[in-house]
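Just the one chain here, the form predicted alone, laid out as structure tokens.
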Amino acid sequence: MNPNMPQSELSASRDFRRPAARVAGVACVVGIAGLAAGVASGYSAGWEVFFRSYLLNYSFVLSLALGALFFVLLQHLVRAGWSVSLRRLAEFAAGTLPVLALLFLPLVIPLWKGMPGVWMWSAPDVVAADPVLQAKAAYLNVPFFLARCAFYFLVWCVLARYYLHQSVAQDTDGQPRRTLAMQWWSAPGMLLYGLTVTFFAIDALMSLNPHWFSTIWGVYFFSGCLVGFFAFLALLVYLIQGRGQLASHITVEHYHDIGKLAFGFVVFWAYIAFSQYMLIWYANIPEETVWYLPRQGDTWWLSVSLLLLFGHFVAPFLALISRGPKRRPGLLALAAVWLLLMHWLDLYYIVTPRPSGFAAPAAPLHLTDLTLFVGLGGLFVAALVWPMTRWSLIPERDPRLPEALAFRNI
């Protein structure tokens, strides 16, 4: 036990185990019911609608887990002390990646079975009639795609499980060598993370329009992952503290830094999104503008584009630029909910429009979008909360924990 931590504070981090079991159980039931409703609504609307909605909501929950994994790697890479009391929650969120790997199967099993899926390049008849897809077939083919995805999830799951298990093992033995080991592996882990997230974004999302490409796409997806994760982290801490937990471990100073990180990545996301749009708009080359044309070709998608501009950037920029809202947990939680909605809308903007010339325009919204959001979101929450029934909410014997408990912003 850390000698600098009062026993009352330590026991408080363990008192969440019983309510966590209830939350995990309810979330699991809600998730299964949501998935069942999603399958039913997808069956009535058509499987293309189902697969698009599934990829949309799956990308949302996966982005939160990937943002959490980046946060864990980064804290060890820079030897951060202020974030130790937050890090276990991020480890739990990243620890959902093995469950998310299983939840990726509904998207790839149709490809493996030779059935139509969400990616049109997987359909032999489409490829046979398209010279561009024939030229890209060496990369965009089902066996190679499945092998790449298996590698991505293997890397993410190994990293997530390694850091979680090293961290909780240190709660028992207090060995500083575990901190040194996690620090050492953070550098190669970060390199693998960057490569796998970039290529996953290209394979799973950019290839929805296989004629189009963007060299900044991986960074665009990564920036959204971090916006979503820091918003989710602020909301998660707020809800846990609402149950009377972690009041002494996570203070207004930590909220302040979560808010600063959320603000920073909101600006970074806007910078990347504008850079991509501005260069394509300025060049005005048909093979590049083809991605934006369906997204600005009617009133609905133009409205979504403007909502992203003002809702994903202008509004959170103005809300979080000052010191006050970041130091008020309730206000920061409200901003977090808004950012999570905008992050979902950003992925909706990416996934839902069909490429021009391949299919009829998609319906703007469908019941399947909501049911699968509930289903996948519920299972993600269940996978996130379940470890809280076994392990402490904080790294109890991390050597840098006293620094986190005494943290103050200058």
Partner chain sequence: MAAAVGEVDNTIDIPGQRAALILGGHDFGSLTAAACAPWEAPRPPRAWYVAFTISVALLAVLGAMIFYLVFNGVGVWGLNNPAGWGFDITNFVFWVGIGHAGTLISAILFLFRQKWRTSINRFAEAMTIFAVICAGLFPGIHVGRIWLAYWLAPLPNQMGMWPNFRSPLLWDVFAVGTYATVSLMFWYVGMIPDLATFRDRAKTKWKQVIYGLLALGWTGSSRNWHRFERAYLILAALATPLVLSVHSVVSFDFAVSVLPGWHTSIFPPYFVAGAIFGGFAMVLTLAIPARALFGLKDIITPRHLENCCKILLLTGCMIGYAYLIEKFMAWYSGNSYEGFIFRARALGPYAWAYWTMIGCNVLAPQLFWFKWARTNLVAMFLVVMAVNVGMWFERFVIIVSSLSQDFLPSSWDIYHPSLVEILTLAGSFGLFLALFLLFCRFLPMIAMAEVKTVMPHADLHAHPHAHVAPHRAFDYNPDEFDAGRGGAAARRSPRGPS
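Numbering follows the first chain given and starts at 1. Just so we're clear, the structure is a prediction, and the values are computed from it rather than from any experiment.
The same protein has a further form, the form predicted in complex with the partner chain, not shown here; the description that follows concerns it.
Residue 287 belongs to the set of residues with a heavy atom inside 4.5 Å of the partner chain in the predicted bound form. Of the heavy atoms in residue 303, none are within 4.5 Å of the partner chain in the predicted bound form. Residue contact check for residue 161: none of its heavy atoms lie within 4.5 Å of the partner chain in the predicted bound form. Contact annotation: residue 271 falls within 4.5 Å of the partner chain in the predicted bound form, judged by heavy atom distances. Listed residues 168, 123, 80, 340 were compared with the partner chain in the predicted bound form; 80 is the one with a heavy atom within 4.5 Å. Three-residue candidate spot 104, 112 and 172; no residue lies within 4.5 angstroms of the partner chain in the predicted bound form by any non-hydrogen atom. Partner proximity in the predicted bound form, defined as non-hydrogen atoms within 4.5 angstroms of the partner chain, places exactly one of 176 to 184, 225 to 233, 89 to 97, 306 to 314 at the interface: 176 to 184. Residues 176, 179, 180, 183, 187, 188, 191, 194, 195, 198, 199 are the members of 163 to 201 with a non-hydrogen atom no more than 4.5 angstroms from the partner chain in the predicted bound form.
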